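This document opens with one chain alone, in structure tokens, the form predicted alone.
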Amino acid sequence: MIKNISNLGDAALYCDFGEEVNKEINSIVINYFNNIKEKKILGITNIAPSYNKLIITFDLSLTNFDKISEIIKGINIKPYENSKNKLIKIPICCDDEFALDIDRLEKNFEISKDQILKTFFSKEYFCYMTGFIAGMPFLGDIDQNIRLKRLETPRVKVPKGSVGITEKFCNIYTFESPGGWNIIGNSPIKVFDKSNKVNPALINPGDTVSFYKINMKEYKNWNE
């Protein structure tokens, strides 16, 4: 449950759920996120879940820190409903043109590209949060055997659709962006659609993602 509620500037607060990063704690964060969102509390302008924090911004002309924190403390949290979350299947092309860091991974892990990809594709990944760029999902947990730190020098431009791994997480770049994750492939799927005003993100916190491999021909023909 919430360990502490603190000010975050003049018009925001964050709920602290502890220092651990795991699926169980993140599920509690998402549970609070869903419950608070459903209550439509006066003055709250945005709610953003992260691995183990919940950031809430509010309109000072309508409410304040004390009022919001008291409401949150008094909320009777409903049981976490896994049925609301989705299993989403995402295709990836891992040809050399897209697997920008596969040589680096092979060298560090001392295993082949095929072994790295076999390990990666063998798991389902839980969406802890979205952010950094719009709709980018942070997905865990990567197998211990293929965990590696970020690039020492981040790229100025990572292509849209790139799938990267770093430490215990993988992600999908929803737009071209600077970044330092280890890129293993690219997906033709539109993970964030800004024209969708209701739910522009394909993957949301609490969802589960399963990746599968496609070849270059399938990749190029995907949206035709």
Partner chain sequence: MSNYNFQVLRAGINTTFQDKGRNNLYHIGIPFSGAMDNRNYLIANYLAGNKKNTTVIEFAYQGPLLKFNGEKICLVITGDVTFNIIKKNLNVEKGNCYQSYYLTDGDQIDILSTNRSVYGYLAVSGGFNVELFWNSSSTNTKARIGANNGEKIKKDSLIEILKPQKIYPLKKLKYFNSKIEQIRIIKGTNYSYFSKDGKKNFLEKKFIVSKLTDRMGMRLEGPKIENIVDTNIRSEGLIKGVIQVPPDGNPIIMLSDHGTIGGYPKIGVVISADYDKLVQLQPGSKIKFKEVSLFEAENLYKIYSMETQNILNQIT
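Positions refer to the first chain, counted from 1. Only a predicted model underlies this, so the values are computations on that prediction, with no experimental measurement involved.
We do not show the form predicted in complex with the partner chain, though everything after this point is about it.
Student: Considering the partner chain in the predicted bound form, which of T166, S50, S187, N31 comes within 4.5 Å of it through any heavy atom?
Tutor: When the partner chain is considered in the predicted bound form, the option within 4.5 Å is S50.
Student: Is I133 close enough to touch the partner chain in the predicted bound form, meaning at least one heavy atom pair within 4.5 Å?
Tutor: Answer yes; at least one heavy atom of I133 falls within 4.5 Å of the partner chain in the predicted bound form.
Student: With a 4.5 Å heavy atom cut-off, would you call G206 a contact of the partner chain in the predicted bound form?
Tutor: Judged by the heavy-atom cut-off of 4.5 Å, G206 is well away from the partner chain in the predicted bound form.
Student: Since only the chain is shown here, I'm wondering whether P178 would be in contact with the partner chain in the predicted bound form (any heavy atom pair within 4.5 Å).
Tutor: Yes, contact at 4.5 Å.
Student: With a 4.5 Å heavy atom cut-off, would you call E19 a contact of the partner chain in the predicted bound form?
Tutor: Because a heavy atom of E19 falls inside 4.5 Å of the partner chain in the predicted bound form, the answer is yes.
Student: Non-hydrogen atoms within 4.5 angstroms of the partner chain in the predicted bound form: do M1, I142 and F211 all have one?
Tutor: No, none of the three is in contact.
Student: Though the partner is not shown here, which residues of 184-209 have a heavy atom within 4.5 Å of the partner chain in the predicted bound form?
Tutor: Stretch hits, in order: F192, K194, N196, K197, P200, A201, N204, P205.
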